[in-house]
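Just the one chain here, laid out as structure tokens, in the form predicted on its own.
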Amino acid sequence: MNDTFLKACRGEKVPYTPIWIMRQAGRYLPQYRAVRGRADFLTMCRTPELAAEVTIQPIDILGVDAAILFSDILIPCAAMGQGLEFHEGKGPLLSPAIRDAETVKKLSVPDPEDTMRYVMDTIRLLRKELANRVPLIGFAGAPFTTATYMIEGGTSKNFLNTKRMIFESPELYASFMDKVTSTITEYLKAQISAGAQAVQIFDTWGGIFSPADFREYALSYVQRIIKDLKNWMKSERDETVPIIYFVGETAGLLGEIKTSGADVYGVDWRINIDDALKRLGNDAVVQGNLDPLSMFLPKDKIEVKVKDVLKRASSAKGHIFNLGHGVVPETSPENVIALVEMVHRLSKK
């Protein structure tokens, strides 16, 4: 198996810097759009054969060093009992919005093998079909980021309802987050048991907080998950899997993020990765951090930026190249293929 990604996660020596890309299975690929033309998004997530097919596409097309499970961070919301729909142009819609004690009380902490078995079946199928070509990454949304969608009923610009619950009804927020945190913990355990070889926790909206509020209302729940996962892996499994923690708008929160307990820290593009390392420490393993819209540059200009990221990350204990967020649908596949080739060529020891 090409285990360069896993070695980098552990801070071990690697022959080159591994790369995978957030949303690498997505609408920028014609092959993905062909599958998407046969089924709606949720059907794809809930059909192991379709989810596995689009998960593997970037491995064949791009040559990336890891596969990431095709799914969505909101899948557990439906398992907890909230209605979940996706509409073109509108994004996710969740109902009823979770804003009072009654709606929180109705939510359950589900058994993932019962309510989300299709995700674990996808992982099991992928491990067979990947045939140890590259590692498979599982994932979940962090409790806070997941909660924002459940409280707002979808996406939001200012997270008004979420912050109102936090500040006006802190006990309600805490009881709600206990359920979300327990659900995500069990979900990630199930993914690892099914065969995920690393997991990423996405805290896309964590950056909306001040550092103090981030510690209290977002990070504390992630710390619980990571501690629980590591204790469980140590006692129940022969080996541990790396845990990656990605927070959107990382720059102002790095001092807090380094206390998460994660093995790898995802860094977005709003801070130079060497400046991030000054806060995280050179013994940190980092992932990132090219601006996703840099992919619209000519290839020679992309190469300049790739060199810059690699140089800035050279003092890290370990580095996994990635975009600072997901690849956008309008991106040229040829540029993404070129990006992977550049990272491999320019970082070769």
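Just so you know, these numbers come straight off a predicted model, no measurement behind them. For every residue, the number given is its place in the sequence shown, counted from 1.
In what follows, reference is made to the form predicted together with a small molecule, a form of this protein that is not presented.
- The listed set Ala79, Leu254, Ile271, Ile73 contains one residue whose heavy atoms approach the small molecule in the model of the complex to within 4.5 Å, identified as Ile73.
- In terms of contact with the small molecule in the model of the complex, the residue from Phe202, Phe214, Phe159, Tyr173 that brings a heavy atom within 4.5 Å is Phe202.
- From the list 103-111, 222-230, 202-210, 187-195, the contact stretch for the small molecule in the model of the complex under a 4.5 Å heavy atom rule is 202-210.
- Although the partner is absent here, Gln24 sits close enough that one of its heavy atoms falls within 4.5 Å of the small molecule in the model of the complex.
- When the small molecule is considered in the model of the complex, Phe41 lines it closely, a heavy atom lying within 4.5 Å.
- The closest heavy atom approach of Lys305 to the small molecule in the model of the complex falls outside 4.5 Å.
- With a 4.5 Å cutoff on heavy atoms, Val285 does not count as touching the small molecule in the model of the complex; it lies far away.
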